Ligand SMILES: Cc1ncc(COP(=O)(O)O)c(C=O)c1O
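Here you get one chain, nothing else, as structure tokens; it is the form predicted on its own.
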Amino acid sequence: MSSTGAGRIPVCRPLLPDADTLLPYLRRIDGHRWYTNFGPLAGELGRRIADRLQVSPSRVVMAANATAALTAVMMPHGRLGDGQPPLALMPSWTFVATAHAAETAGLMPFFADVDPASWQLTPDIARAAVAAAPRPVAAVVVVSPFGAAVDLAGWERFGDETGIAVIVDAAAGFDTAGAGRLTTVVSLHATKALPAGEGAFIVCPDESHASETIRRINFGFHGSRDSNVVAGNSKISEYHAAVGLAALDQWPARRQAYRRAIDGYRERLGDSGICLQDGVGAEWVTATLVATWPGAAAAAARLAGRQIETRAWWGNGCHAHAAFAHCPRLPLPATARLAADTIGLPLSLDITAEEIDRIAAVLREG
């Protein structure tokens, strides 16, 4: 992920708060001698995120990473052990972590297509998929593609009408995450817009759901030493909370830097026919910039020849991975088109105007 050769531009160059910025938080850890297990820095990070979302702090649960968090919130809907697992309807157009979390939680991924404009599963697509499902659908996992906003109101209506649990995988969606009546998971991985190195937060519909989630990330314990549900151990450490707090202190500047870089791409690509996601840069920011146009594959090869790295972040879709070959799926034409026509472009907080010039010049050659 870091630059290793002269002139090379990596697709992702993470930048976490430096040692001097972290030092006050690390000294607090030294003073508390409380290193994990719902420590004071983890609590403060959760409260600050709750303030940002304008919800009660009791609805925000911090976790070690987003995959573990997704697993925890899916566990109540899965079946562990013998018996056919219920289905978790999800888009194939997502990172494999979504499907791995479902399998670990005792659910079987059931892959559906996405809307070709928004790149997302929609309530209408989900309704048709549920009707065509080979067995009952216990949960629907809605994925925020690369940080784009999700239609929370529409999905709340879907949940009310069907009685099916709806979980939002907003791993890259720190800047767009909402706080409605759905469970939402946001990643704080080093490659995300707000990084803690590793970490995640879960926005729960209410305090009761939050209590259940705490049990699922803490050996089944919450308020007693009686482990009364199947669970894991996925609590965030105080050290990662320290990084998250320092990054949150920097958020306005970090957001502006991402916006400036994304706007730079948009200006340079102009009328080239290369499209970025709707609203990215203007309405929301991301650390993962994905562009789409029919010449994407050829452009990726040209860029590679000029020492410019790109990434097919989601490959050909989850269904194409051997780990999920056994999972049922519906026809996936939009997923196939996105797999062929999208590439992840280099983006980092410190990408320079000259680097964007160089990238755009190669892209416009096609």
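Throughout, we count residues from 1 along the sequence that is shown. The model shown is predicted, which means the values in this text are computed figures rather than measured ones.
Below, we turn to the form predicted together with this ligand, even though it does not appear here.
Participant: Could you tell me which one of Val143, Ala177, Cys204, Ala126 places a heavy atom within 4.5 Å of this ligand in the predicted bound form?
Facilitator: Checked against the cut-off, the match is Val143.
Participant: Here the chain is shown alone; which of Met108, Ala97, Ala291, Leu269 has a heavy atom within 4.5 Å of this ligand in the predicted bound form?
Facilitator: Result of the distance check: Ala97.
Participant: At the 4.5 Å heavy atom threshold, is Gly244 in contact with this ligand in the predicted bound form?
Facilitator: Judged by the heavy-atom cut-off of 4.5 Å, Gly244 is well away from this ligand in the predicted bound form.
Participant: Check Ser92 for me: does it contact this ligand in the predicted bound form (non-hydrogen atoms, 4.5 angstroms)?
Facilitator: Result no; Ser92 lies far from this ligand in the predicted bound form.
Participant: Any chance His222 has a heavy atom within 4.5 Å of this ligand in the predicted bound form?
Facilitator: No, no contact at 4.5 Å.
Participant: Please determine whether Arg216 contacts this ligand in the predicted bound form, using a 4.5 Å cut-off between heavy atoms.
Facilitator: Looking in the predicted bound form, residue contacts with this ligand do not include Arg216, since no heavy atom lies within 4.5 Å.
Participant: Tell me which stretch of 254-262, 149-157, 165-173, 269-277 has a heavy atom within 4.5 angstroms of this ligand in the predicted bound form.
Facilitator: Checking each option against the 4.5 Å cut-off leaves 165-173.
Participant: Only counting heavy atoms and a 4.5 Å limit, does any residue of 282-318 reach this ligand in the predicted bound form, and if so which ones?
Facilitator: Only a single residue, Trp314, comes within 4.5 Å of the partner.
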